[in-house]
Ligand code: BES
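First comes one chain, alone, set out as structure tokens in the form predicted alone.
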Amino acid sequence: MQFAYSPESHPSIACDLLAYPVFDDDVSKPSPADPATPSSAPLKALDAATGHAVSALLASTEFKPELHRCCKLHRPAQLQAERLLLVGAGKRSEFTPARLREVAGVAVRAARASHCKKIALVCRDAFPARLAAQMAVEGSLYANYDADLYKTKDREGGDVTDCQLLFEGEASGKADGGEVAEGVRRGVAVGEATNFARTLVNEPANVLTPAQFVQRALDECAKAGLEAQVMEREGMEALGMNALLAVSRGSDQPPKLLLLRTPGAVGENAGVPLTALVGKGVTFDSGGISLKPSDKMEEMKGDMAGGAAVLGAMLALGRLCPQKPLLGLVPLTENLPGGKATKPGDVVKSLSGKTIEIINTDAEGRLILADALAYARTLGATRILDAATLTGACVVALGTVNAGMLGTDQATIDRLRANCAATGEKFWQLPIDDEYKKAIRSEIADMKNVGGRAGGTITAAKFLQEFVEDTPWVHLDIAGMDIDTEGRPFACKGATGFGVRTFVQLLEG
């Protein structure tokens, strides 16, 4: 998808579809009995240019400026566009960068449904040109993606190939080619990285094995200027990563540990703050000996969504801020039953030297993260963030609206929470009091890998905390956020790429 800035006004733009966001305060509603009419100067001008077709639509109530609602006009008078798409933007006072991203996505999905290839999007005067361009590009790329990787027929509408960005009002006076071009560059970096993460999660587990995940990562890292290394089973055994290895025993697929570095993290950086991102990479999770129910087990191909988010974020950050010292670690394995599989009651010694009684082999994510988190500390990480589809308890607590957020680095937690308006990825902080630790005490080892049913998300985080020790740390439990089973007006069903934008927004800023 190609993006371009146009200084022209929207009536003169020739395209297949012109998308125009409409705010709630663009429309007057004198009383419930009276028809709505354009009230703002920009919408009045558009109404006049369409021979008052806009006001007719509003009067018919076929279109209302509610968020994500849209309506299409064919061959609008005095416009060069073949179609005019009115897109509801909701209340201007509640219009965030994330909502601009969604509005752009709604426009692209509507264009795809009508087989439109060339579109134009009007960016209203809510945000500076660079930010508006970035959000519009991210939303457009996100919406132009479909999960039909292996369909041979009945595919969705074709891709949109070209998008012109137009600016109106105050934003038009401040927009210039350089600012917009920079916004486009940033939007493409984040949007493409997010879609790459979505593809990884959408891939079936017979295709995306740990080895295939690593190969795709190596191919993309070379393009993004990241240094990538892969640790094999032998290296893990030599270091004593027995928690990670315990999960991999039931599978014929060998485990991998993917290590990513930005150029700024390579070489002599003694004393320089170094942030590490760690992502859970279970490419298929059957539960192991503690076998999961068969219902919805196919979704467990997405149990590496945290690892995909870390990889996607590192690819974007490698392009946007290569000199910032950053590490990315993705422990990769399958979790399957078998003659060599770890059994409930087994005890292993982790990389940190702490021993773990494995009560439930379906609590495998925290085991592979335990060794990866400890390894990040040995590499000099001064701050650690991890992302994992870790607990079903988090879905019970927060549903599919917010991801869970816990940790010891309150300043970073506060920033992540504040960034939600820009990323569109929501988080809610849960407590991590020391009293929860008693749930994972073991009679035979230093700890066990599960507590009781109560506070399952928190006790899982308490387990992870044992391996970051005093390093500032934030844990993101993204269970329930990795796959959207219903689809949205601005996105298809399937993997979401959740976490990529969150990490980029935090670390680039």
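Counting begins at 1, following the sequence as shown. The structure displayed is predicted, hence computed values, not measured ones.
Here the subject shifts to the form predicted in complex with this ligand, a form of this protein not shown in this document.
D146 falls outside the set of residues with a heavy atom inside 4.5 Å of this ligand in the predicted bound form. Although the partner is absent here, P65 is not a contact residue: none of its heavy atoms lies within 4.5 angstroms of this ligand in the predicted bound form.
Residue contact check for D303: one or more of its heavy atoms lie within 4.5 Å of this ligand in the predicted bound form. Although the partner is absent here, A370 is not a contact residue: none of its heavy atoms lies within 4.5 angstroms of this ligand in the predicted bound form.
With the partner omitted from this view, the residue of K292, K151, R415, H74 that lies near this ligand in the predicted bound form is K292 [heavy atom within 4.5 Å].
A heavy atom within 4.5 Å of this ligand in the predicted bound form is found for one listed residue only; from T391, T342, T275, S251, this is T391. Listed stretches are 419 to 427, 82 to 90, 120 to 128, 295 to 303; the contact stretch with this ligand in the predicted bound form is 295 to 303, by a heavy atom cutoff of 4.5 Å. Looking at this ligand in the predicted bound form, residues K280, D285 and V450 each place a heavy atom within 4.5 Å of it. In the predicted bound form, this ligand lies within 4.5 angstroms of at least one heavy atom of each of the following residues of 453 to 483: A479, G480, in sequence order.
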